[in-house]
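Shown here is one chain on its own, the form predicted alone, set out as structure tokens.
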């Protein structure tokens, strides 16, 4: 039986205030929890159905103390979950210690300025994972990476993509890497950009774009050419287009050397 106090704690973690107060966040659903158990993250508590726990018992026993695993019903799990219906479980996970941003990177990094929509942030993390991006550096104003909606939208990719927060003006002013910025209607088309072997790609908010204070640090302005009449492009889609063009261009360079 799950103590009511524990269920109340789990439900409170849907709110940023309590996540940082407790230094815990939620991971929900079978796929994400199974991937979580194979990661370096520390699971404080697992609340699951007997079907889910029994199905993954050997994995659970390797990573979580038996006293930290609670069995309960689907309805009780759903009552503490951000999912409308959760038929597997929820994990209460310890936030990792604040990480120091590396002095430099040997691959591409996404720099996110004021991305507010949690679904978009989760999608960008998933895209970064797909394209093997070295990490994400975000502004303090970007939505919380431990929000349940971000964790859910990332589909487990939050476990593999290093995420850092920084004053972006300060960060960009000190880097020696080329900085590519998405400026509407400005710069070279991503189809014709000669991307360096590594660099930073700055993406601005969905509604306002990149802040002016950051634009001065852009060493190569790029844009995604428009062929239709849509007013704008979702920032997650823009991230995917940019990452795909970077990998394609670098792949062409590599093939040319062979």
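Values in this document were obtained by computation on a predicted structure and should not be read as measured data. Numbering follows the first chain given and starts at 1.
There is also a form predicted in complex with a further copy of the same chain; it is not shown, and the following applies to it.
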property: Contacting member of 175, 139, 143, 157, with respect to a further copy of the same chain in the predicted complex [4.5 Å, heavy atom]; result: 157
property: Contact assignment for a further copy of the same chain in the predicted complex, among 65, 55, 42, 226, heavy atom within 4.5 Å; result: 226
property: Candidate stretches 68 to 76, 94 to 102, 126 to 134, 163 to 171 - the one whose heavy atoms come within 4.5 Å of a further copy of the same chain in the predicted complex; result: 126 to 134
property: Residue 31, heavy atom within 4.5 angstroms of a further copy of the same chain in the predicted complex; result: yes
property: a further copy of the same chain contact at residue 10 in the predicted complex, heavy atom, 4.5 Å; result: no
property: 4.5 Å heavy atom contact, residue 247 and a further copy of the same chain in the predicted complex; result: yes
property: Close approach of residue 240 to a further copy of the same chain in the predicted complex, 4.5 Å, heavy atom; result: yes
